[in-house]
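The chain below stands alone and is given in structure tokens; this is the form predicted alone.
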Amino acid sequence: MSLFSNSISLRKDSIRISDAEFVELRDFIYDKTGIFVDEKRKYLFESRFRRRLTELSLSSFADYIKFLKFDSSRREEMVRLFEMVTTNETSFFRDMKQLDAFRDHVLADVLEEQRKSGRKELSIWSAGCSSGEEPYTLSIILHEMLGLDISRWRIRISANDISKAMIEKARVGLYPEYAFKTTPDAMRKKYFKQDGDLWRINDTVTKLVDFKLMNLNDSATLKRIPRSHIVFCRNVIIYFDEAMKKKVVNSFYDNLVSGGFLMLGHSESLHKVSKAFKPIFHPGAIAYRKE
């Protein structure tokens, strides 16, 4: 048994990706997802894909590229591909300073404007929602802000991700301990119930969120998202090159209502990407407003 395992390990470790294969696979991924893999990540790229090649009994990256393009099961493999090229590291209440600024300024202003207009309606889009921690966090924030009055509002949080596995996990709503590393303990006790070693989110939170599989490189699909007052797209556009960033940000602009807000990750900005938004600076966050 150990001899067999060693031979498999050696075979797996012997698989290398040539420069030409890297460029071809990188370009294929970019064409399908808009995600650009820099050459500096070639080694990580190679190690992440090796196991999958072994599982498919493929001996080279050239064979894997052919598999992606021509095999009868290529559609199913694209799902695995999307999961291998994205990072799904997240948690509830991630980046509290930004969320505090969002709650106290952006969300408070939008809710007040809606009250004054007589339309108690709110639409938020969580683009690149991973396993659901972000949209569920937004739902919890809304419950905290609106209290019992939330039943008088029409609220929809559209949550999308390219990974089928992440969407399925989000819909189940069960999370391990590490998903709460940035979560105030009071929020976990109030909105989750322990289920064995996991924590299950309350139905009051989940009913505001609608999860769907979506590729941000698919312009036609993006147009099906309801017009939004706020778009959250945090730690997503860092995976895109400048052309793809502009394409996605333009889609967000088209989706937002006049005066709507775009929220990016703390390490992301629209500098050199778009001048269509007005940056609004708050302590701990920048909100980009559609003029």
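Being a predicted model, the structure only gives us computed values, none of them experimental. Residue numbers run from 1 along the displayed sequence.
Another form, the form predicted together with a small molecule, is not on view; read the next lines as being about it.
**Student:** Does any heavy atom of residue 158 come within 4.5 Å of a heavy atom of the small molecule in the predicted complex?
**Tutor:** It does not: once the small molecule is placed as it appears in the predicted complex, residue 158 has no heavy atom within 4.5 Å of it.
**Student:** Should residue 162 be classed as touching the small molecule in the predicted complex when contacts are defined as heavy atoms within 4.5 Å?
**Tutor:** Taking the distances in the predicted complex, the answer for residue 162 is yes, it comes within 4.5 Å of the small molecule.
**Student:** Find out whether any non-hydrogen atom of residue 49 is located within 4.5 angstroms of the small molecule in the predicted complex, and reply yes or no.
**Tutor:** Residue 49 lies outside the contact set for the small molecule.
**Student:** Given that the small molecule is not shown alongside this chain, does residue 240 nevertheless sit within 4.5 Å of it in the predicted complex, heavy atom to heavy atom?
**Tutor:** Heavy-atom contact with the small molecule at 4.5 Å: present for residue 240.
**Student:** Heavy atoms, 4.5 Å, the small molecule in the predicted complex: which of 41 to 49, 61 to 69, 228 to 236, 253 to 261 makes the cut? Say which one.
**Tutor:** Answer to the contact question: 228 to 236.
**Student:** Quick one: from 217, 114, 206, 183, grab the residue that has a heavy atom within 4.5 Å of the small molecule in the predicted complex.
**Tutor:** Looking at 217, 114, 206, 183 one by one, just 217 meets the 4.5 Å heavy-atom criterion.
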